[in-house]
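Here we start with a single chain on its own, the form predicted on its own, put down as C-alpha cells.
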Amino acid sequence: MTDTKNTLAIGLMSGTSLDGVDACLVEISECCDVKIKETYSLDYGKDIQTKLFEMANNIGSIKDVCIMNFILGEIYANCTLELIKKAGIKTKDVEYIASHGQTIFHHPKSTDCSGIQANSTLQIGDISVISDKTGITTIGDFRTKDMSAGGQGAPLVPFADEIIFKRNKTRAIQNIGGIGNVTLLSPDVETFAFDTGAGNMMIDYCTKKFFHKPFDKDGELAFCGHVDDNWLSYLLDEPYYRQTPPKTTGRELFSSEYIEEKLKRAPDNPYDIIATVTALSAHSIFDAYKNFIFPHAIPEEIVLGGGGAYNKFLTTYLQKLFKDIPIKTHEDFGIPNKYKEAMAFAILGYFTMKKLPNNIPSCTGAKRPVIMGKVSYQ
C-alpha cells in the first residue's frame, strides 16, 4: 500500500446470526482516521442459511463445509462488487478486502490429541475465491494467528474500538449480535474485552420457533409478554456467565440443543418466552459489567452496536438496569450499528497490510502481539 494517500478498503462481516454478509467501504488516513463511505448487505438464501445453521450446530458433513467454503466466497465477492457499484467507484480504487468469514466452529479451550494440546477455530468463505472474482487483494482468517499465540482468537474488534473511540474517556463499547461482547476503553485502565453471552441468539431462535419470524423486530413480540422471573433465574444459572475473562463463546455453547433443553422449563405463553430471553440478554450484560468491569472502572457511557441496538425492549431494559449510566448507540457517533464490525475488520486489515500487530493480548489472552490475517494477493 502507498503511504502518500488515504486508503480505500472494504470490510466484510458475517456473524453468528448466520443471516448474511455486511460490507463496508471505508477511507483510512495515514493517522488512522476512518470514514465510512458506503455500505451494502447481502442476505443468505434460505438453503444456505439452513446449511450453515446445521454446520454451526455440528450437524453438517466435511463435504458440506468444503462446498460452503467456496459458495460463501462467491457470495462475499458478489456482495463486494455490488458495494463497489453502489459507491460509484472501480475495483482498482480498492486496495484490499478484509473478510471475517463465517464462523463454523470456535473452540478456544485446549484439546489434547496424542499428547498435542491445541485450541482451534474455523471460519469459511475462501479468500482466494473472493480475490479472484473481484480482482482485489483479500485478507481473511484473522483469528488463527492470535490462537496460535495462546489467545482465544476473540474478541478482535477491541483493536478497532481503540482507533475509532480512542481512550480519552471511560466507555464500554457493547456489541449485541448473535453473541454479546464488550470492550472497556479508559485512560486509566488497560483495554480489555470479552463475550458477555448470548446476545440475540436465543431471542432469534425462539422467535423463529414460535412466531416463524427471523427476529423480533424492534422488540415488538417481547413488549407483548411478561418476564418470567423464575425461568430467568434458571437461565442465568449458566456457568459461562460467572467465568472470569478472557473468555469467548458461540453456538458451540448456545446451540439449538442447549436452547431446547432450556425451553423444557419455559412458560407456556410464547410472548413471555420472548420477553424472558430478551431480559436474559440484558441481565447477562449487566451482570458481566457488575462482576468484571465495575471493579476496574465505571463507564461514563455505554455505546451499543449490532442488531440488538434496534431492539427497543432490550435497550429499554438495559437502561433500567444501568440506571444513571447513559446508553448511546454507534449511530450517535456517525457509525451505522449494523456495519460497525465490518468497519472494524477493514481496520484490522489495514494493519495486516502494513505488517503491524493488530490484536490486543489483554483482550484475547494471547502471549504477545501478533499480525493477524492471511493474504490472497491479486
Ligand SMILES: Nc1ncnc2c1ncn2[C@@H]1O[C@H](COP(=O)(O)OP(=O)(O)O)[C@@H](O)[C@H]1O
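One rule holds for the numbers: they count along the sequence shown, beginning at 1. Since we're looking at a predicted model, the values are computed, not measured.
As for the form predicted together with the ligand, it is not shown, yet the points below apply to it.
Out of the listed residues Tyr241, Phe215, Phe211, Tyr258, Phe215 is the one that sits within 4.5 Å of the ligand in the model of the complex by at least one heavy atom.
The contact residue chosen from Pro267, Pro246, Gly177, Gly225 relative to the ligand in the model of the complex is Gly177, the criterion being a non-hydrogen atom within 4.5 angstroms. Shown alone, this chain has one stretch from 324-332, 305-313, 51-59, 345-353 that lies within 4.5 Å of the ligand in the model of the complex by heavy atoms: 305-313.
Although the partner is absent here, Thr183 lies well away from the ligand in the model of the complex, with no heavy atom inside 4.5 Å. For Ser281, no non-hydrogen atom is located within 4.5 Å of the ligand in the model of the complex, even though that partner is not displayed. In the model of the complex, at least one heavy atom of Ser17 sits within 4.5 Å of a heavy atom of the ligand. Taking non-hydrogen atoms only, Gln123 never approaches the ligand to within 4.5 angstroms in the model of the complex. Along 127-149, no residue reaches a heavy atom to within 4.5 Å of the ligand in the model of the complex.
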